[in-house]
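The data below hold one chain only, encoded as structure tokens and taken in the form predicted on its own.
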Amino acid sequence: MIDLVIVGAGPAGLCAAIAAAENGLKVCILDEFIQPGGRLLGQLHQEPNGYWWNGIEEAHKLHKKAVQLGVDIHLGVSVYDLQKAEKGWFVYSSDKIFESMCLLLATGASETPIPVPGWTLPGVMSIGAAQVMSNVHRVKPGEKCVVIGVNVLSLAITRELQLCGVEIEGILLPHPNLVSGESADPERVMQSLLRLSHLAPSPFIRFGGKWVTPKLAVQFFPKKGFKMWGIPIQVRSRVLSILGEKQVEAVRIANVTPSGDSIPGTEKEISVDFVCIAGGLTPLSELAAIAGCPFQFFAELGGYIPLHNEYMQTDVQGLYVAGNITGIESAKVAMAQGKVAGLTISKDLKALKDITKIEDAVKNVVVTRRNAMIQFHPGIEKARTELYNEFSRSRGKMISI
């Protein structure tokens, strides 16, 4: 029997596998994608100290180390069911049934689509799909685009599209509907943007972002938007529809008031050959639900989260979680969480050589979170504390297999 099956070969899954294998566990990773690395594969950005974070290189390092430690990695394999066994788990995949003592779900996150009239035209894609095309497959999605949805994800990936030669016409608000919610509200969007002002190339924006209120910033926001890395960010304009006969040819936009109402007579068309929709990320947690894990909703973490503690243990025996399934954060936090999970599982299987490593790894998660360049949502640390307290209330003690 395998000691540990990990679903997901992303940053959390690979780091967990390495930590567990270093303690002598027999580890197997399953991932439906054809390359290991998960979201690392799409990441390329420059950090404040000038260092370029190349996700593909980071993924290659982790993959190489895992293979050297004897981790068995199955790619292009989908997991569609889980079943609790008398001792461990049965993991049903498109390849075969795996039997394991412990199971770690590091399944990551999925994008939230925002419906827009015309979004079924060829040339409309999620912002994550555009990132994978450009950064992983080295395929330029098009020549000129508009991004619908102003948020952390769209800002980061649009910058990457720009680096690969795409002309960006702008990042605009979506049309208000049941799905778009607060992402169509100029003031709420401005509130999230101000949290990112420290990343702005302009010293004026970095300084001003600390003192301006979202309401005031929206009222005096330029109608043509402001530019970050030369990319127009337009909080006072929205995309009404995507236009084209057989594929994307243009978008129809309109200016909006500070309260988010479209201003009649301001409609115009912008010529583009593709459109990216950026609706944010949601934890990909279906397998945790199948396994019987209880959930709790935390908006700060991106949605419904499997109940777990800081050691990545759930209250289902032998089941652990790490990475974006536990809340939307940076890849570096996912890597730190993965190490915690790998060490915790090693301890629970009585294989951990140095038990002090767990507490050090838990502390490193906190430090990594506080030093993260980007926070996807405000209040993540507080939400984590509430989540762990809720876990303690529901269980009263740490889980051990």
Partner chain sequence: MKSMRITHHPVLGKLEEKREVKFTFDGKPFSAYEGETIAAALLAHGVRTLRIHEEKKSPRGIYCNIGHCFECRVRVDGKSVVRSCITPVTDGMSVESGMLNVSASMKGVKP
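Numbering follows the first chain given and starts at 1. Quantities reported herein were computed from a predicted structural model and do not represent experimental measurements.
Another form exists, predicted together with the partner chain; not displayed. Remarks below refer to it.
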Check your understanding: So which of Ala331, Ala109, Ala288, Val147 reaches within 4.5 angstroms of the partner chain in the model of the complex, heavy atom to heavy atom?
Key -> Ala109
Exercise for review: May I ask you to choose, among Val139, Ala85, Ile263, Ile270, the residue with a heavy atom within 4.5 Å of the partner chain in the model of the complex?
Suggested key: Val139
Review point. Honest question, do Trp119, Phe274 and Ile277 all end up within 4.5 Å of the partner chain in the model of the complex by heavy atom distance?
Key: yes
Exercise for review: Could you confirm whether Lys357 comes within 4.5 Å of the partner chain in the model of the complex, counting heavy atoms only?
Suggested key: no
Review point. Applying a 4.5 Å heavy atom distance criterion, does Val367 contact the partner chain in the model of the complex?
Key: no
Practice item. Would you check, heavy atoms only and a 4.5 Å threshold, whether Arg39 touches the partner chain in the model of the complex? Key: yes
Check your understanding: Is Asp81 close enough to the partner chain in the model of the complex to count, meaning some heavy atom within 4.5 Å?
Key -> no
Review point. Picking from 252-260, 225-233, 277-285, 175-183, which part of the chain touches the partner chain in the model of the complex when contact means heavy atoms within 4.5 Å?
Key: 277-285
